[in-house]
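Starting off, we have a lone chain in the form predicted on its own, written out as structure tokens.
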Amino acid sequence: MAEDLTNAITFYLSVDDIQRDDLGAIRHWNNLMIGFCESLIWLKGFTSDQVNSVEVKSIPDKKLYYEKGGKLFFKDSLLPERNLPSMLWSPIERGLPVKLPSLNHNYFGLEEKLKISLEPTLIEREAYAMIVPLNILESYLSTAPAIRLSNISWAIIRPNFAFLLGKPLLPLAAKVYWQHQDFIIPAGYELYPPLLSDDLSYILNAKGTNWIIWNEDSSYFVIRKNQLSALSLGSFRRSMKNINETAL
């Protein structure tokens, strides 16, 4: 069998320096190295999966290369495009530092205050959580096989709603979310600017003990991870019983 040399190829990506915020979606890929040459930002160290990922494809006006013999070739081209530029390389998180002051609700300062918000995105990610009305969940649990619930944990978050975490998601009419670190974000949205998402995650949840659930209006609420329990009809009934007894 012929050896697959794909992973032996060194891939490079370049963008103009003014586009550094467009790199926010890949800033957490700690296998990447970054360098600066004149007015360009260079990245190297991509795996073949990363080069072909939605995150990379979504970066506008990028140039993708592979290296051979000290020359750079456009991806999928057999003709050399330019010489490999000479520069110093450092880890991407060091080359793209973000300095944030103490937390001030939804505002964080760089040179000036910057609002953190949710913005629609075309990037597709696998759904990982949902918020579902309790009556819909109860109806489903009454007939659902236990195996279908085995990877799902849950908690009641409001008087009439439950938060479900895990995949595959249950086939329910519910609001769906995807996960980024300890952030649970509505499907079809991402934090803006994306460059700050890792730092914001640390500020809001430094110990990693909570899930941060974002709403589409850019507000959020917190669920402690130890609040969640394995989903089953029995755990649902016990939780509902506790709520009804507390309300008396």
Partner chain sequence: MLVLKHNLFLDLLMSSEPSPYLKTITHLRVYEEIMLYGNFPAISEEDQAQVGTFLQCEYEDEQLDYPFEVPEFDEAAALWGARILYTAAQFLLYRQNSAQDLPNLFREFPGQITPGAILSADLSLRFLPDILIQLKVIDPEDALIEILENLLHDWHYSAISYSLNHEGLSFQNLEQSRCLMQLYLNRIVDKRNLKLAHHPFFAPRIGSDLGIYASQLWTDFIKPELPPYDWN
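Just so you know, these numbers come straight off a predicted model, no measurement behind them. Numbering follows the first chain given and starts at 1.
What follows is about the form predicted in complex with its partner chain, which we do not show.
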### Message
Based on heavy atom distances of 4.5 Å or less, which listed stretch (116-124, 130-138, 165-173, 76-84) is in contact with its partner chain in the predicted bound form?
### Response
165-173
### Message
Is it the case in the predicted bound form that I147, N151 and R237 each bring at least one heavy atom within 4.5 Å of its partner chain?
### Response
yes
#### Entry: Heavy atom of S232 within 4.5 Å of its partner chain in the predicted bound form
yes
### Query
Quick one: does S142 come within 4.5 Å of its partner chain in the predicted bound form, counting heavy atoms only?
yes
